[in-house]
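First, one chain by itself: the form predicted alone, in structure tokens.
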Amino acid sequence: MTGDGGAVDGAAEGLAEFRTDLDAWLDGHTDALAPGFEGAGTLDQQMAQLAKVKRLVFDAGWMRSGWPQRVGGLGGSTLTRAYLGEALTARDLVEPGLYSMTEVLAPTMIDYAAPELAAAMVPALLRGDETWCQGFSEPDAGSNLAALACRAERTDAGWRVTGQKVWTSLAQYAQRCVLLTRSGPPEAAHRGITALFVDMDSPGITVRPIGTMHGSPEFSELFFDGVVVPFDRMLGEEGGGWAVAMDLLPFERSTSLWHRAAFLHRRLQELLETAPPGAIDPYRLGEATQLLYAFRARSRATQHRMAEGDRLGPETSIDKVLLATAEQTVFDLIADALVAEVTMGDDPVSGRWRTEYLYSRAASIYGGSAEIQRNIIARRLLDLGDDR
């Protein structure tokens, strides 16, 4: 592939060529891609950096590789877009959690939206012209999504949505929301859910950012007060929102996290380069390295399964458990070796260690808690207990 965009054909050979050409292009555009801030930066700065990088790599053709041509992509193996996320993260050009939202939301949009809607909307997300958010969790429906209560009622003008969502990532920046709503009676549980694609500037939507202990208001509450959503913005079938959710969640728990391994590798290497002599326990370093490579091996296998056309499902909970364990172990090691930076760091560089350590505490919560993931593994993969 060249910088002006061309199809990448064949998984193995195409990926090798893609890697070589992309790395060369990134090396040649270091100044244009570099963040304009030191350390972690504010959330506003991270979002502006993400939009800039996505625009540059999209216009050069790299961001389009691995996505279907019907939504503005270049086709080819999904492994190429996995490597793009890995390369951008390894170079500290994007924050991995923010970058991952594209890999969470775009595949399901492509699968379930009307073809003309997907063709119109997905390119804007890939290029960084838009941010999307995911309206799933509610105050009384987190891991138990079948209990959600945000209602969508049919009217002459379209769906009328009323209710609340919480822990919605990047909602204050988003132009669109993939929203799960209750369209049937509560007793219908997962059979009475409809998925909608909502414009965030619609009248009746209120966004309230939530403060977090790592200091970045990444999450928000969403309030819907009689928000009208056109019928042609439905994803999938009426009452078929559970299928949309079950399609999306495996991406959130697996393939979107592939590049996070590159981020953890970079931080582990930086620890080895900056920690005072004798500050790193070699046994704990070995444990962290082992867990990180275990996650990377598992995640790599999942990426290849997706590239081969396999449908992802409950087995991706294994990927999520491994990621959470590896991330927290790596940052526990960092906290022990760089005590001052993690406990008191407040300048742009040392403060990054503190911010990222605090965020790592959420690794066993976001995308489905570790306890829920282990229940899924036990019930749906090992056939232990009641699968209800």
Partner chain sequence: MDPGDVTLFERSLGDATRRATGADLDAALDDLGWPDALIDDPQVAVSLLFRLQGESGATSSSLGRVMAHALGLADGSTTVLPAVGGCAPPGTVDDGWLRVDGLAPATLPDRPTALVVASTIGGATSACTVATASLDLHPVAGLDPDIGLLRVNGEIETVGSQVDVPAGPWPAAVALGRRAVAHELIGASRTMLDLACDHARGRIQFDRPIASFQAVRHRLAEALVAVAMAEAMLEAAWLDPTPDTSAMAKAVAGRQAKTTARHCQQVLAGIGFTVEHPFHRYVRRTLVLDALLGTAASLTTALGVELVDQRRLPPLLPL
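Fair warning: this is a prediction, and the values are worked out from it, not measured in the lab. Positions refer to the first chain, counted from 1.
What comes next is about the form predicted together with the partner chain, which does not appear here.
### Among the candidates A114, L272, A147, A157, the residue which, in the predicted bound form, approaches the partner chain to within 4.5 Å (heavy atoms)
Selected option: L272.
### Task
Identify which of V228, A297, A188, M213 has a heavy atom within 4.5 Å of the partner chain in the predicted bound form; exactly one of them does.
None of the others qualify; the residue that does is A297.
### Task
Select, from the options 276 to 284, 100 to 108, 245 to 253, 199 to 207, the stretch whose residues sit within 4.5 angstroms of the partner chain in the predicted bound form by heavy atom distance.
Looking at the partner contacts, the answer comes out as 276 to 284.
### Task
Report whether all of L93, L125 and G240 sit within 4.5 Å of the partner chain in the predicted bound form, measuring from non-hydrogen atoms.
Judged in the predicted bound form, none of L93, L125 and G240 sits within 4.5 Å of the partner chain.
#### Entry: Non-hydrogen atom contact A51 with the partner chain in the predicted bound form at 4.5 angstroms
Because no heavy atom of A51 falls inside 4.5 Å of the partner chain in the predicted bound form, the answer is no.
### Query
Looking in the predicted bound form, any heavy atom of S220 within 4.5 Å of the partner chain?
Residue-level check for S220: no, no contact with the partner chain.
### Query
Hey, in the predicted bound form, is I365 touching the partner chain, heavy atoms inside 4.5 Å?
Although the partner chain is absent here, I365 would stay clear of it in the predicted bound form, with no heavy atoms inside 4.5 Å.
### Task
Report whether the minimum heavy atom distance between A378 and the partner chain in the predicted bound form is within 4.5 Å.
Within the cut-off, so yes.
#### Entry: Partner contacts for 319 to 336, taking the partner chain in the predicted bound form and a 4.5 Å heavy atom cut-off
Those in contact are V321, L322.
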